[in-house]
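Here's a solo chain for you in C-alpha cells, the form predicted on its own.
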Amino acid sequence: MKQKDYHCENGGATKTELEEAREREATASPASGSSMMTSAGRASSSNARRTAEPPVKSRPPFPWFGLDIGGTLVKLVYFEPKDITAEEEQEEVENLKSIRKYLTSNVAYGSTGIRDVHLELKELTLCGRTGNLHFIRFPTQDMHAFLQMVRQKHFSSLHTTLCATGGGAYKFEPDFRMMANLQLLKLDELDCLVRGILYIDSVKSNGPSECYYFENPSDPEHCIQKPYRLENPYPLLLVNIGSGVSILAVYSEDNYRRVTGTSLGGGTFLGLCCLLTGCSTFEEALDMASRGESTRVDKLVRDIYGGDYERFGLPGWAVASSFGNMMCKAKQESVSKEDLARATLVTITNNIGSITRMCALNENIERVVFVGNFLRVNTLSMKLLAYAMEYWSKGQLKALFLQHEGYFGAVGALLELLNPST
C-alpha cells in the first residue's frame, strides 16, 4: 500500500497559535466535529468519505495523544519523542516530563490500565520528529479515574483540547470539561478508523506485516498464521467488531461507506457471559470459552436430520439453532459454565460471519478485513471467522486480520492532531 506522507510545517508553532487556530475553526464550523487544525467540509455523496479542507500548517506542542472512547474500552495512543535536544530538554516544563515518564515507565496504570508493549512502534517519524508510538487501553467504566489522573498531572497546563473519537467523546465531554478543564475535539469514528488502518499498514510495509490470515483454519494441528500484504487493497470490506459491529465497504482512501452493522458484538459476548457464568472480565470469559464445548448447548443440523441436510448443502455439524438444546431441562443441567461461554462466543462470531458474507456478496467484494477489540487475544473467534469465510464462500472469501486490532480509531485521532497532508 502506498504510504501517505504525514508531515508538519512551521515546527516552531506555539501553544497560543494552536489555540487561535482552534478558535478560528470553531467560529467557522462550530458543529463540524473536525480536528483542531482541520475543518470538516463534507461532500454530499453518501457513498464517499467526507473530505477535509486544507489544514493549518503548524505542529502542535507535546504531548501528542489520540483518544478513542468506545462503549467498552478506551484506547489511547501516545507518541514519545526520542530526538529531544539538550535545549528542548532544558526548556521542557516539569508537567510534560512527568507525563512522559509516567506513561513510558509503566506497563500498567492502576488496576485496569494496560500498555500493550508488544504493539509499540519504535523509531517512527511523525511531523518531522522521531519517537515511539505507545498503545494504552483501559475500561470505559474507569473513565472518571482516568480524568482524575489527568487532573493530577496538570495536563490542561499543556493542552486545552484533545482530539477524540468514539461515542464516548460525546458522552464524556462534560466530564472532561468539568473534571480536567479540557475540551474534546470530536472526530467521526469511521473516518478515524479507516485513516488509522491505512496509516499503520503503510508505516509497517517494510517490517513485520500488520496484516495476516490463517492457513488451514479448520485443522487445529496444521492451522498457522501467515503474513498478508495489503497491496492494491481496494475494494475491501472492513468489519469493526467492538461493543457492536459496523461493516464498511472501502473503495478507495477517500471513498467508503457504512453498509450495515449489528448490535450483537463484543459487548454482547461479555454481557451474556457475565450473566450466564458469573465472570467479570473479557479475558476470563475467553478463558472459559477455550475450555468449553458449544455442541452441548447448540442444536446442530444432525440433531434435527440425523446427518447432513444434503439438498441445501448443510453439513451435519453446522449450527441449526444457537442455544437450541437449552430448551431441554436435562440438557440444561448437563452443561458447564465453560460450555455456555463457548456457545456464546460461537453464536456471536457466527452471526458476524454470516452478516459479513452477505455484505461481501452484495458489494461484490472478495477481501474482508476484521478489526476491533473483540479480537484481542481472541484466536478462537478469528479462526472461526477464517473458517466460516473460506468454507461458505467455497474459497472465494479470505478473512484478514490486523495486529493492532482496536487501536486504529485512536491512531486516526492522533493523525488529525498532527495535521496530515491531503
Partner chain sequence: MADCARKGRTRDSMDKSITLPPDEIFRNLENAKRFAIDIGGSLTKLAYYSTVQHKVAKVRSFDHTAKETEGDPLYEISVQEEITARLHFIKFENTYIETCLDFIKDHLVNTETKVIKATGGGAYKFKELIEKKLRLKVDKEDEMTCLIKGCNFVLRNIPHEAFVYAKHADSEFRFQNTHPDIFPYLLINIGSGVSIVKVESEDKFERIGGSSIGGGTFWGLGALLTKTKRFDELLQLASRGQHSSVDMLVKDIYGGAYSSLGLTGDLIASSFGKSATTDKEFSKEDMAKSLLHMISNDIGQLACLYARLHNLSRVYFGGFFIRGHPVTMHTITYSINFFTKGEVQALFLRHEGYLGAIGAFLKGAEEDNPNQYSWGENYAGSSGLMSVSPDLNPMQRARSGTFDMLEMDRLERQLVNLPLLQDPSSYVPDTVDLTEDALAREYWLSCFEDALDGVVKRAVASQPDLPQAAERAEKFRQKYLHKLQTLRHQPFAYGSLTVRSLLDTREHCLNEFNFPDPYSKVKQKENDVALKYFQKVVMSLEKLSWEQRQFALVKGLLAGNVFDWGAKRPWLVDCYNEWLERLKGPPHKCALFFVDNSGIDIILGVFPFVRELLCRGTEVVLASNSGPALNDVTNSELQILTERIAAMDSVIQTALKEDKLTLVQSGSSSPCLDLSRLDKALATVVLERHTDLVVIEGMGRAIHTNYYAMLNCESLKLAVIKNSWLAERLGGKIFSVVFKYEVPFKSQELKQ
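Residue numbers count along the first chain shown, from 1. This one's a predicted model, so the numbers in the text were calculated from it and none came from an experiment.
One more form of this protein exists, namely the form predicted in complex with the partner chain; it is left out here, but the text below deals with it.
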In this chain shown alone, the residue from S263, S111, N232, T85 with a heavy atom within 4.5 Å of the partner chain in the predicted bound form is S263
I need to confirm a contact call. Of L270, V150, L236, I200, which residue comes within 4.5 Å of the partner chain in the predicted bound form, counting heavy atoms only? L270
Answer yes or no: in the predicted bound form, does the partner chain come within 4.5 Å of a heavy atom in every one of T104, V194 and G406? no
I'd like to check something about L340: if you look in the predicted bound form, is any of its heavy atoms closer than or equal to 4.5 Å to a heavy atom of the partner chain? yes
Applying a 4.5 Å heavy atom distance criterion, does L182 contact the partner chain in the predicted bound form? no
So in the predicted bound form, does any heavy atom of M358 sit within 4.5 Å of the partner chain? yes
Quick check on G278: any heavy atom within 4.5 Å of the partner chain in the predicted bound form? yes
With the partner removed from view, which of 151 to 159, 325 to 333, 87 to 95, 286 to 294 is the stretch that lies within 4.5 Å of the partner chain in the predicted bound form, judged by heavy atom distances? 325 to 333
Residue by residue through 305 to 319, tell me which have a non-hydrogen atom within 4.5 angstroms of the partner chain in the predicted bound form. Y305, Y309, R311, F312, L314, V319
